[in-house]
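Only one chain comes next, encoded as structure tokens, the form predicted on its own.
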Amino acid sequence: MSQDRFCEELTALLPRLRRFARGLTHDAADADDLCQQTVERALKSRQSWQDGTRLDAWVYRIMRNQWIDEVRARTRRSQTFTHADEGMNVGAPGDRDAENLVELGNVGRALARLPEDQREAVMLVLVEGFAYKEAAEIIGVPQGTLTSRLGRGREALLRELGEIA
């Protein structure tokens, strides 16, 4: 694949990558940073990607590994840091459907409460639409493990949202 074609396909992935990054980080600024770091690493490592394989799975794996590195670094630093744009959603336009925002917030909070392994599985399969096999390869676990994590994550989400007793 030519460099131009590679860049075009990588650019086309940006909306999905941003959504996945948001699911991993729970913060818009962190998600943007993670997305930028992922694209940078993908461009630098372009020669590692093999033609005939799925570019999206390769880039998602880069993002996941980048996020794991970031979480480890934060844990080591053990500092309290508050982003300047924490209040970015204050004063949202009044024309939005408030009920949808509340429901979306409920889903986001329920998703945030899931253990990391279950949240990854839910994000990759239910949000990003990866096949079980592809998601398992991205995370680096057997497909049965992914299926188990996804099942537990789905059930926990439904319970949190009051869909099942």
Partner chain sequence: MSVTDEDLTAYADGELTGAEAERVAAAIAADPALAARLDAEKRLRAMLGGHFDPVMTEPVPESLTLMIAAAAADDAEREMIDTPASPPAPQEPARILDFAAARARREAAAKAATPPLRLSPRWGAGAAIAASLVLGLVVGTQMPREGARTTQDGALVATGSLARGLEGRLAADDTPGDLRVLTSFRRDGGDYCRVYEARATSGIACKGNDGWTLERVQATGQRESGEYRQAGSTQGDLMAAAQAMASGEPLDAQQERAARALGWVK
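Residue numbers count along the first chain shown, from 1. None of the values given here were measured: they were computed from a predicted structure.
There is another form of the same protein, the form predicted together with its partner chain; it is not shown, and what comes next is about it.
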{"item": "Its partner chain contact at residue 105 in the predicted bound form, heavy atom, 4.5 Å", "value": "yes"}
{"item": "Exercise: residue 29 in contact with its partner chain in the predicted bound form, heavy atom 4.5 Å", "value": "no"}
{"item": "Partner proximity in the predicted bound form: residue 45 to its partner chain, non-hydrogen atom cutoff 4.5 Å", "value": "no"}
{"item": "Distance check, residue 69 to its partner chain in the predicted bound form, heavy atom within 4.5 Å", "value": "no"}
{"item": "Those residues of 112-142 which, in the predicted bound form, come within 4.5 Å of its partner chain by heavy atom", "value": "122, 123, 125, 126, 127, 131, 132"}
